[in-house]
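Here we start with a single chain on its own, the form predicted alone, put down as structure tokens.
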Amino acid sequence: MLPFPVLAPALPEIILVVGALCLVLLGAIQGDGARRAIQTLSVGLLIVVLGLVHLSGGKQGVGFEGAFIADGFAQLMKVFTLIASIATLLMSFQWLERERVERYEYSLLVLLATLGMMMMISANDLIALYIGLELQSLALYVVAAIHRDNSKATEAGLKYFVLGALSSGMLLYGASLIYGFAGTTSFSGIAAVVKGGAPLGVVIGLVFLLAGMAFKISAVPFHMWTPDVYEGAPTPVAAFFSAGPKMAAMAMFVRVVITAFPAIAPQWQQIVIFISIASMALGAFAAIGQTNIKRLLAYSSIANMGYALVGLAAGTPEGVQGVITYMAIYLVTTLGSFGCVLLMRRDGQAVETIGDLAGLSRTRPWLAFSLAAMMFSLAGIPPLAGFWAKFYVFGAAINAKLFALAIIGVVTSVVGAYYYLRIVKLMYFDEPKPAFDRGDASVNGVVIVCTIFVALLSIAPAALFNAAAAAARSLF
């Protein structure tokens, strides 16, 4: 037991912040000479925190006067977020050395960003939400530009910083409006105020709040940063952006609308439906003409956030269950896809053009198989894991009588399948390009694990679906 019971629900976060501060001290004393030790200890620290989160068993707990909540939903989403951070660090180590970006600060920034994400997931108050969001964002701004000798990476970091600051301002303005009219920042307090009907100021504040959160998940029309940042940022960083922060931001999005504004669901459902349709459509059509695989995956990410929001638009436990299932499967497939991109190196140089994948099945059969599994899954081809992800969110929309939304989702899925299947066609039917170099062992390991999980989730998705159902029930 902790000496202060109020701290008990936040034990994993406390361990993470204490460990991160100890590593900061180690780095300050030893400098870059401690880089390898800090990298290894960072992964170990994240594994310890992951174990603590898992051992919590999703027990309900509230701390800091109700501003921080630990429940089944937070537990599961934190597990996914920590997995994303661990995979990112594993894929980064040899890349940092090869690109001569051997700075111990990289691992520390990932740890601090992860701490912010965990706070976002457990935030039960507008102030706690904003603190977690800014802690994550400030670390990610620097991570995006960590390769400071690369002009594209510097440009990506600057774009993300400027647009991220704008979105944070919108979110903070919305939060201030909600506080001004509701008189409280607590989600439960806001829910009690709007139960009898929301004042116009609260609705306007909610619009700004959702706009700020839509930026964090790169949903249309707040997606403009995503393709440029994904292309310009180092590939391991782009992989991190597409996985961990998206997971935390979607969890924050779900918790806010479900727990703070359940009485005015028709108002926020209109917003969610609009950005869902816009994201699915833009992600499907804009990716068709892309030649850079990182930009293609950026538009794919935008579309996938739209599909996840289909489940949230239902506003039911079944819909939230679909969102959690979708995000878990998206996490595995996007990490696997970016892992394959990291293995695209020829003569010591990274290549990112989709045409460079031509004939990969004859030069690197296992890599072609893994990437094909990811592409088929993202396209929603049955019986792969991505099919079940879309099946659950579209099913929730249909049960909520959102037939038009489900139909639009299916149509955009068919359109989006074109550019996924085009990659598979290039790898298996075109004349081969020169073979890629042998990849990093850690990246190969991440890709193999992701491929195995896609296969397992394709065969037996029930375990994930049951865990998602239990997590969704804890919100209602």
Partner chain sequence: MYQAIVFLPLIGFLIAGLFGRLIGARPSEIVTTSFLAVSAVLSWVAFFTFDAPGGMMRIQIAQWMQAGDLVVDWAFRIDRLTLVMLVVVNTVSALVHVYSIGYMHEDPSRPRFFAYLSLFTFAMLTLVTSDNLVQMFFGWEGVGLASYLLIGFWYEKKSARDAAMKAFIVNRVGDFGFALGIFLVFVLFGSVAFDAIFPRVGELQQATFRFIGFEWNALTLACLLLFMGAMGKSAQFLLHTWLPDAMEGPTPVSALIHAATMVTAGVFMVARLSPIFEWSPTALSVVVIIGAITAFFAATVGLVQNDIKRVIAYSTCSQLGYMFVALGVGAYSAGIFHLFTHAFFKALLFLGSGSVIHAMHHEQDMRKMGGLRKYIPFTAAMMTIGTLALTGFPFTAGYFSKDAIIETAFASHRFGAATAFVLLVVAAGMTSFYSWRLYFMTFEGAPRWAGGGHGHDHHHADAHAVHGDEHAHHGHDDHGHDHKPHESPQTMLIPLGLLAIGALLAGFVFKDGFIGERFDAFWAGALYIAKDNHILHEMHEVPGWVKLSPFVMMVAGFLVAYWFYMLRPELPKRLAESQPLLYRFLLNKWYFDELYDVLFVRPARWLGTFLWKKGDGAVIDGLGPDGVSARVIDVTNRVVRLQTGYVYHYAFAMLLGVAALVTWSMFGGAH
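Positions refer to the first chain, counted from 1. Remember, predicted model here, so these are calculated numbers, not experimental data.
What comes next is about the form predicted together with the partner chain, which is not displayed.
Engineer: With the partner chain left out here, work out from 357 to 365, 342 to 350, 329 to 337, 225 to 233 which stretch has heavy atoms within 4.5 Å of it in the predicted complex.
Structural biologist: Answer to the contact question: 225 to 233.
Engineer: Can you tell me if Ile271 lies within 4.5 angstroms of the partner chain in the predicted complex, counting non-hydrogen atoms only?
Structural biologist: Yes - in the predicted complex, heavy atoms of Ile271 and the partner chain come within 4.5 Å of each other.
Engineer: Indicate whether Phe391 is a 4.5 Å heavy atom neighbour of the partner chain in the predicted complex.
Structural biologist: No, Phe391 is distant from the partner.
Engineer: Can Leu200 be called a contact residue for the partner chain in the predicted complex at 4.5 Å between heavy atoms?
Structural biologist: Yes, Leu200 sits close enough to the partner chain in the predicted complex that at least one of its heavy atoms falls within 4.5 Å.
Engineer: Should Val256 be counted as a contact of the partner chain in the predicted complex, where contact means heavy atoms within 4.5 Å?
Structural biologist: Heavy-atom contact with the partner chain at 4.5 Å: absent for Val256.
Engineer: Taking a heavy atom within 4.5 Å as contact, would all three of Val207, Phe215 and Pro221 count as contacting the partner chain in the predicted complex?
Structural biologist: Yes.
Engineer: Can you pick the one in Phe240, Tyr299, Tyr307, Phe73 that has a heavy atom within 4.5 Å of the partner chain in the predicted complex?
Structural biologist: After the contact test, the surviving option is Tyr299.
Engineer: Just one of Leu166, Val79, Leu172, Ala263 has a heavy atom within 4.5 angstroms of the partner chain in the predicted complex, so which one?
Structural biologist: Here the answer is residue option Leu166.
Engineer: Within 329 to 364, which residues come within 4.5 Å of the partner chain in the predicted complex, counting heavy atoms only?
Structural biologist: Read in sequence order, no residue approaches the partner chain (within 4.5 Å, in the predicted complex).
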